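One chain follows as structure tokens, the form predicted alone.
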């Protein structure tokens, strides 16, 4: 059995206050809670003006490939572009990338609930309309291997610049230390 933790999104309840973005960015500030910058948030609230709907989306896995398919999804007679539902950090858009380093950001469930200090992620805790809910459950199967933030960032650097350039840079930096 493996433990599954997820944040469920009910877009019908989202009013676009962006409290989730602010709370997430405060948790991930360095040092924690010292500042807020929604550009560093692992959750973003998109607004579709045509259909008058707010859609919270959490940062997912990094991909070096641009999406070559642009689909329109219809829900309850409203049309949405596929990118609005996408969680990936990709070359097609600037969402889920750190504004300073350009490295990808992904939801980490507040560092896996901050080693027991939190009972739910900050975005869920501060959601004013209960559009975000936290769920823990057990399922059969093995735990998937997850890259930590360092490995995740290095992977994106290798995909962007190539392994040789990254190794050369690390070698140069290590000689300065």
Partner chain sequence: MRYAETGYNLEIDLTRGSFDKIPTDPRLTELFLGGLGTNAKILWDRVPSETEPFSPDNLLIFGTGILCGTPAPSANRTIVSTFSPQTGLMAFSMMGGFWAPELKFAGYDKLIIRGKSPDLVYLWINGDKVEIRDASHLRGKGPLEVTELIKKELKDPKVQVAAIGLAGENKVFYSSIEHGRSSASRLGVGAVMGDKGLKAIVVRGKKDINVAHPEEFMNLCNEVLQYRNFRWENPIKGVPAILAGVGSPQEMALRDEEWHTTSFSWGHARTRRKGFWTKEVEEQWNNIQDKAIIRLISCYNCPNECGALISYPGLGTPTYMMKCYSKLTYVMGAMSNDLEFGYKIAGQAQEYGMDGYTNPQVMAFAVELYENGILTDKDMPGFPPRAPDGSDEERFFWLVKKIAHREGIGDVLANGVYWAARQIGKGAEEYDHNTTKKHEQMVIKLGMLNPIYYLLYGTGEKANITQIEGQIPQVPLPKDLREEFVTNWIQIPTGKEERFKQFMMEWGDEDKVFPYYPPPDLVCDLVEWQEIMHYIDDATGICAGMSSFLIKPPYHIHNIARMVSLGTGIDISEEELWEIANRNRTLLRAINVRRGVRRKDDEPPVDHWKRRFPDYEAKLKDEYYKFKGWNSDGIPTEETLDRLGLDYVAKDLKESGILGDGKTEGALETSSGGGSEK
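Residue numbers count along the first chain shown, from 1. Here the structure is a predicted model, which is why all the values come from computation and not from measurement.
Missing here is the form predicted in complex with the partner chain; even so, the following discussion is about that form.
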- request: Tell me, yes or no, whether residue 90 is in contact with the partner chain in the model of the complex, where a contact means a heavy atom of each within 4.5 Å.
  value: no
- request: State yes or no: in the model of the complex, is some non-hydrogen atom of residue 95 no more than 4.5 angstroms from a non-hydrogen atom of the partner chain?
  value: yes
- request: Evaluate residue 168 for contact with the partner chain in the model of the complex, applying a 4.5 angstroms cut-off between non-hydrogen atoms, and reply yes or no.
  value: no
message: Whether residue 18 contacts the partner chain in the model of the complex should be assessed with a 4.5 Å heavy atom distance threshold; does it?
response: yes
query: Thinking of 36, 45 and 49 as the candidate spot, does the partner chain come within 4.5 Å of a heavy atom on all of them in the model of the complex?
result: yes
statement: Within 112-127, the residues having any heavy atom within 4.5 Å of the partner chain in the model of the complex are 122, 125, 126
